[in-house]
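The data below hold one chain only, encoded as structure tokens and taken in the form predicted alone.
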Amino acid sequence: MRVTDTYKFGSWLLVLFTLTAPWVLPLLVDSFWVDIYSEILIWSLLAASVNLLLGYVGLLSFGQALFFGFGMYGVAIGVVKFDLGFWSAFIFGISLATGMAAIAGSLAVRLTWHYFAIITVVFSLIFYFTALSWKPITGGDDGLPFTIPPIISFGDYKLTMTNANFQYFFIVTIVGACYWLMYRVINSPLGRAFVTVRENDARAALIGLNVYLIRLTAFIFAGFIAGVAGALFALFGRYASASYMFYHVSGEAVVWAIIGGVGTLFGPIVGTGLMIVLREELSSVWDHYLLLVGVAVILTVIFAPRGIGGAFKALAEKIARQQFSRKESGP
């Protein structure tokens, strides 16, 4: 089996599980795991935004929670304060996050290495404390709950997110569209420019690439993906809170991306899924479950430094080489 065939098999297996999860999971475990898997898909987008910057451009951001929070608050404020409909509020939240990414990125991508990481944390902290203190708009410590308006309304007929199966497949559709968009970008000339800048920005500039513009484009795109995740999470929880804008949320997304495998398309889903499942299972057994989660992270980093996705890729390449060698040495 070729490496590409192995990737396709793994990808189709993940897609098949995702499409059948509302019926398969209740047969295997408790039905509440369907909601957990919905959460995993949403959070994986936040990890994917980290992966896009770190894995393909070489920029480590601890500020992706800022754009996640803007997506959340955009939806909540749009519904509560501006009386927007479902789609208007959803687009408003994503637009706010993308706009904030453009503003923050215009300053942040001028820096690299730890300076870039530090400034993204600073941006996150500024708006975290702003959200806490701006209680009339954001709800402060209490957050901002809201009721989701209907998605489609025809007379007495209303389609809403209160339908569990519809909510699940709405999340799957949006998340799937984001991963498809990332796949197209990563495999486009722009994606190759991302990798070129990551490998050697000086040489990239020498061959005529605008390094600043490429990094800014990646930063805005990553902010857009994080904003979609925040908007989806607001609709999923019917709530927006400043706590999700704190930099520790970005830190978790960085861990998820590294565990799953930076520089791989579906690594964020694998890493996010593993960490959230560990959290759910261990938290019911031991109050200090985070210690065990930390051990799992350390072991993964030591024995699979390229992450689980990277280890899978290496295994597939090894199998392909072995099969090629057999063919070459055969009669």
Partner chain sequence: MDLVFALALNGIVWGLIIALIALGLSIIFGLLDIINIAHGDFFMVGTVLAWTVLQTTGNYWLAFLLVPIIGFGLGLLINHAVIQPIKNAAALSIVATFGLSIILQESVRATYGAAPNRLVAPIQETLLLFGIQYEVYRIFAAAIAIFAICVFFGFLHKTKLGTWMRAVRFDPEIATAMGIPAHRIYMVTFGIGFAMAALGGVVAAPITTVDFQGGIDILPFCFMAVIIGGLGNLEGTVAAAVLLAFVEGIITSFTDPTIARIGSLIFMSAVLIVRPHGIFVGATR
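Fair warning: this is a prediction, and the values are worked out from it, not measured in the lab. Residue numbers count along the first chain shown, from 1.
Another form, the form predicted in complex with its partner chain, is not on view; read the next lines as being about it.
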For this session: Within 4.5 Å of its partner chain in the predicted bound form, counting heavy atoms only, one of 156-164, 255-263, 231-239, 85-93 shows up; tell me which.
Result: 255-263
Exercise. If you check in the predicted bound form, is Ser243 within 4.5 Å of its partner chain, heavy atoms only?
Worked result: no
For this session: Give a yes/no on whether Trp43 approaches its partner chain to within 4.5 Å in the predicted bound form, heavy atoms considered.
Result: no
Exercise. Do Val122 and its partner chain come within 4.5 Å of each other in the predicted bound form, heavy atoms counted?
Worked result: yes
For this session: Indicate whether its partner chain has at least one heavy atom within 4.5 Å of a heavy atom of Val295 in the predicted bound form.
Result: yes
Exercise. Its partner chain isn't shown here, but in the predicted bound form which of Pro145, Gly140, Gly176, Gly251 has a heavy atom within 4.5 Å of it?
Worked result: Gly251
For this session: Using heavy atoms only and a 4.5 Å cut-off, determine which of Leu282, Leu60, Val34, Leu274 is in contact with its partner chain in the predicted bound form.
Result: Leu60
Exercise. Are there residues in 195-224 with a heavy atom within 4.5 Å of its partner chain in the predicted bound form, and which are they, in order?
Worked result: none
